[in-house]
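In structure tokens, the next block holds one chain alone, the form predicted on its own.
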């Protein structure tokens, strides 16, 4: 069968013919696989922890939706079911054994298409039932390819809801309608974050360092999400009129972190999601601001099986109403390997169609 492979950690990408072998489990016919920055970094040889499952070659792809073509004795799935596979597989630490490998304590896990396990950019794959999440509404078959990145946002939402309980952190009507969330980064993940927190009832501002493309602008305007181009207007000026109660860094740059700590309100909540490999510099003023203003800052990565289910529920309930199909701006054939190296005009999320 066809599969898109790389040789980590050196990179490169090619369409290969591979043999699945005689694996037991549920056979899935791949429908769509998404391409994100992680895939591009692996292909470019920039993600040094990427590693193969066996041998030298790794099958790419961690964002996927597929259709069950062959079942095992497990009654949870039947032929024709739409399913999304879970990416991170548990190791042996306490949290992994509790089903929360997203909080792994020793790094002893594998991630499909990234490190230690072949991914889903192939015609079909075989999977254990415990690592599949069912999509009940087949009408969101294409949208379900967004489940994997969206599950990260569901975990962020869980963390946010926990942190805001430390004090009476709500408006006079008991909602979040007076609270303002700034989201730094306008990639797919940033837009999903904005969508979820907008639906939660907050006022959301997307922040970017350059003018936004038409597709992104249309998406934000359709969902009544504010935006800020800091090349045209300074952040601190906007904050004076539209205060920053909470923020998400989906970029991972140290200067973004400082912008947040400089401008966030007292008792604010900052969620750190993006990573760019930049090491923080010593800056006492940043630390002083965090402490003096009682700012809660927490890092978040990955998500658990429950977050996959919550992501699917969100797509079923809000996907069409919030125009989330507009996030998928291009479908490509597996042979179109340029998708890993070239950026298309207006690109948000590119996907590969396998069926």
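The model shown is predicted, which means the values in this text are computed figures rather than measured ones. Positions refer to the first chain, counted from 1.
The form predicted in complex with beta-D-glucopyranose (BGC) is left out here; the points below concern that form.
When contacts are judged by a 4.5 Å heavy atom cut-off, residue 261 does not count as touching beta-D-glucopyranose (BGC) in the predicted bound form. Taking non-hydrogen atoms only, residue 152 approaches beta-D-glucopyranose (BGC) to within 4.5 angstroms in the predicted bound form.
Residue contact check for residue 88: one or more of its heavy atoms lie within 4.5 Å of beta-D-glucopyranose (BGC) in the predicted bound form.
In the predicted bound form, at least one heavy atom of residue 111 sits within 4.5 Å of beta-D-glucopyranose (BGC). Residues within 4.5 angstroms of beta-D-glucopyranose (BGC) in the predicted bound form, judged by any non-hydrogen atom, belong to 111-119 and to none of the other stretches in 137-145, 111-119, 245-253, 218-226. Think of it this way: in the predicted bound form, beta-D-glucopyranose (BGC) has a heavy atom of just one of 316, 53, 41, 302 within 4.5 Å, and the residue is 302. Among the residues 306, 328, 36, 68, the one placing a heavy atom within 4.5 Å of beta-D-glucopyranose (BGC) in the predicted bound form is 36. Of all the residues from 37-72, those having a non-hydrogen atom no more than 4.5 Å from beta-D-glucopyranose (BGC) in the predicted bound form are 38, 49, 62.
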